[in-house]
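One chain comes next, on its own, written out as structure tokens in the form predicted alone.
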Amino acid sequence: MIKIIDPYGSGLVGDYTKAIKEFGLEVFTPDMFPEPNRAMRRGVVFAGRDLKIIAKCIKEKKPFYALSGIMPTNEQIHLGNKIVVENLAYFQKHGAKTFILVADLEAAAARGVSLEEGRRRALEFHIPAYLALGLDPKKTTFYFQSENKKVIHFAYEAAKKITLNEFRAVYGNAEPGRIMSAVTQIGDVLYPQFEERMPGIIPVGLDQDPHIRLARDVVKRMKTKKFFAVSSIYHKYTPSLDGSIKMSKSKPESCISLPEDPVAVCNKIRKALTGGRDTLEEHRRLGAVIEKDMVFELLKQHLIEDDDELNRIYEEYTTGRMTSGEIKQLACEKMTNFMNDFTTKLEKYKKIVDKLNFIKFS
């Protein structure tokens, strides 16, 4: 049985098929949505909840929203955050009203980051970084959790619908900071419906599923509110360069941060685990073991948009015509271009933060 997966723990999911079964998720297939993005087409997006209602909204051009949160606990993000933003941008492109909340209260309660420091990090880095990764600044609405009294008040209502034993079952324990963070997040994911009842979708990694489950349970128990239960869509973790299932800042030698010096990143890529054979002769004869290759995974998840180009690399690498050294060099070139582009856009969006659409609360 899979261990409890929670946003605060270190439990990892090795078997996504088992996760789908045990958490009651829907299997995602690329034909669910029009013009699926890179992560959707390549199996990186693997599951969700109530996806049909979102697909119907896109097809019939009905109102829906997409929402994600920024946890301002660090001065950088890592490559795994990129897929969340790209999925959010996908729904934005297909008509979703798009919201980004800065979870400064949660950062303070669960991670000890002051509201002032959380605000600074969000304005000076996180928000510009999310725009640099593809969100449209003119179509995105932002707010700070600590300023949104409606969300905070709703958290108290939501708390009355949850028992302590239920909270322990979902999260593994019931520390006061976690309880406050979780009930506040329920308010966040439902906040766009406070003004207009409509479906919403939350793109997340599987470790955030407890928040989604709890929010959906609360909606079921609030008969008079008539909220739509939020939908969700899940992506696989970006694996660590050493072969671990998830990139983690605790292993900086195998984690790619944004932004990061391209030379340093290329050094990490050159040391990454590949599926190359022990000798060149053996590699030419048998080809790479692609399932073990973290560099190909990097290309697949993040660095190559064109499917034909990726298929060509796959064919050459698995037949031995391309070596692990050559695929690493290719990844270095692609990563350098990406990192330079990201840094340029980051500096551009830092200059317009004060012009973005922040909700003003009285």
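This one's a predicted model, so the numbers in the text were calculated from it and none came from an experiment. From 1 onward, residues are counted along the sequence shown.
The next section is about a form of this same protein that is not shown, the form predicted together with another copy of the chain.
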{"item": "Of M180, M198, A229, M222, the one that lies within 4.5 Å of another copy of the chain in the model of the complex (heavy atoms)", "value": "M180"}
{"item": "In the model of the complex, the residue from L273, L115, I290, V170 that sits within 4.5 Å of another copy of the chain by heavy atoms", "value": "L115"}
{"item": "Contact segment among 123 to 131, 83 to 91, 238 to 246, 152 to 160, judged by heavy atoms lying within 4.5 Å of another copy of the chain in the model of the complex", "value": "152 to 160"}
{"item": "C57, A66 and G95 all contacting another copy of the chain in the model of the complex, non-hydrogen atom within 4.5 Å", "value": "no"}
{"item": "Another copy of the chain contact in the model of the complex: R216, any heavy atom under 4.5 Å", "value": "no"}
{"item": "Contact label in the model of the complex: E175 to another copy of the chain, heavy atom within 4.5 Å", "value": "yes"}
{"item": "Heavy atom of A109 within 4.5 Å of another copy of the chain in the model of the complex", "value": "yes"}
{"item": "Partner contact for A264 in the model of the complex: another copy of the chain, 4.5 angstroms, heavy atom", "value": "no"}
